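Quick setup: one chain, the form predicted alone, written in structure tokens, and binding and motion questions come after.
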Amino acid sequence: MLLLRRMMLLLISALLVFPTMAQDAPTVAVLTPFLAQPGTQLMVEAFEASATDKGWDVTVIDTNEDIAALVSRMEDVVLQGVDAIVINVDPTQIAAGLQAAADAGIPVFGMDSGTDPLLATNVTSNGYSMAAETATYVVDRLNGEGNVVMFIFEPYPPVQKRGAIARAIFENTLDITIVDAITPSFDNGPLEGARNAMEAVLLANPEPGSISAVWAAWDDPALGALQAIEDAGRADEGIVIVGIDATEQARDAIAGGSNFEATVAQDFSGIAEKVVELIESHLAGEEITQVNHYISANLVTAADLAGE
């Protein structure tokens, strides 16, 4: 009996000393309607890699641009009792999901999202500075004079900011005229939507030199505009194209000497890793007071790619 009692005491002691060994790893759900977008893919993959290294259980949910479905799936993971939620979407569009998480005491982190009182914090690139760099690049290349087509996307805060700053810079340049500000169709992807829209712009402005530049809030519309310009036989007009994100296709187009001249390289891995760091801090009981955490981004031109 004495031996049995000692064994029971040892077992109880082991469970008390090593309680975390018996607990499940932290569970995190990542939700986005934009997984088809290259930048989102890179962030989500980097987040999974970093979180997996820490032994976390990560579930990725993509609703293929369906915001209503995202709210429903968010409510599902709240009911499952995950430890944290990461979103890559405008938080104002998923208020019901955010409230469900808040009511359950589950922290929600933005990964290149917007800000909201119900978010623990948001990690993103500085959209203002990225737009300023690309817009001023256009102004300088045109010597402050010409007609610019903009491709924007108002429903997503990080991209909306870019359009607002670029527009302000163009409108503050006396001899720059914004011909059109286009939100490309997503029916078959923004690249094809931008190509179709750019074809219409070119048809409406057939004279050589009538379009001087295309400013795009991200790379897919810039690439679509490039295809339309090349297909219309107007590449030799010197239409300057810029984008943001530095996707592989964009880099190839820039390095190849096309009309696509500049983009901005966001540190998508850096964004994702910062989100992981902040979740870890939050789960450890640390208070997060900063609303936005900005990760640096850099302008990329053909000269930058020449040495790669």
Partner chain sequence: MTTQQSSSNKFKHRQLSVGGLMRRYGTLIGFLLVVAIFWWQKPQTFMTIPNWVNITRQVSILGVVAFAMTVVMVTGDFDLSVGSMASLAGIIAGLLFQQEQSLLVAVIAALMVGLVGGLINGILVSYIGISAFVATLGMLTVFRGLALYMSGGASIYGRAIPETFSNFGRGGFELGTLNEQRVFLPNLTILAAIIFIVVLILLGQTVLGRRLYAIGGNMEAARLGGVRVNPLRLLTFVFSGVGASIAGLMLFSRLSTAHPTQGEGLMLKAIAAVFLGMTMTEEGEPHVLGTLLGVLILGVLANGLTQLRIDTYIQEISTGVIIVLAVALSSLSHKQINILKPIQQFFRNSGSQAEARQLND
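Please read all numbers here as calculations on a predicted model, not as lab measurements. Numbering follows the first chain given and starts at 1.
Omitted here: the form predicted in complex with its partner chain. The next part is about that form.
Name the stretch, out of 271-279, 258-266, 27-35, 240-248, where some heavy atom lies within 4.5 Å of its partner chain in the predicted complex.
Single hit among the candidates: 27-35.
Taking heavy atoms and a 4.5 Å cut-off, does Thr52 contact its partner chain in the predicted complex?
Thr52: no, not in contact with its partner chain in the predicted complex.
Taking the shortest heavy atom distance, is Pro155 within 4.5 Å of its partner chain in the predicted complex?
Yes, Pro155 lies within 4.5 Å of its partner chain in the predicted complex.
Going by a heavy atom distance of 4.5 Å, is Asn196 a contact of its partner chain in the predicted complex?
No.
With the partner left out here, check for me: in the predicted complex, does some heavy atom of Asp140 sit within 4.5 Å of its partner chain?
Heavy-atom contact with its partner chain at 4.5 Å: absent for Asp140.
May I ask you to choose, among Ser210, Thr136, Gln93, Gln227, the residue with a heavy atom within 4.5 Å of its partner chain in the predicted complex?
Selected option: Gln93.
Quick one: of Glu145, Asp76, Asp236, Glu171, which gets a non-hydrogen atom within 4.5 angstroms of its partner chain in the predicted complex?
Result of the distance check: Asp76.
Site check Asp175, Asp180 and Ala200: each within 4.5 Å of its partner chain in the predicted complex by heavy atom
No, none of Asp175, Asp180 and Ala200 comes within 4.5 Å of its partner chain in the predicted complex.
If we check its partner chain in the predicted complex, which of the residues in 43-77 reach within 4.5 angstroms of it by a non-hydrogen atom?
The stretch touches the partner through Asp57, Thr59, Val60, Ile61, Asp62, Asn64, Asp66, Ile67, Ala68, Val71, Ser72, Arg73, Glu75, Asp76, Val77.
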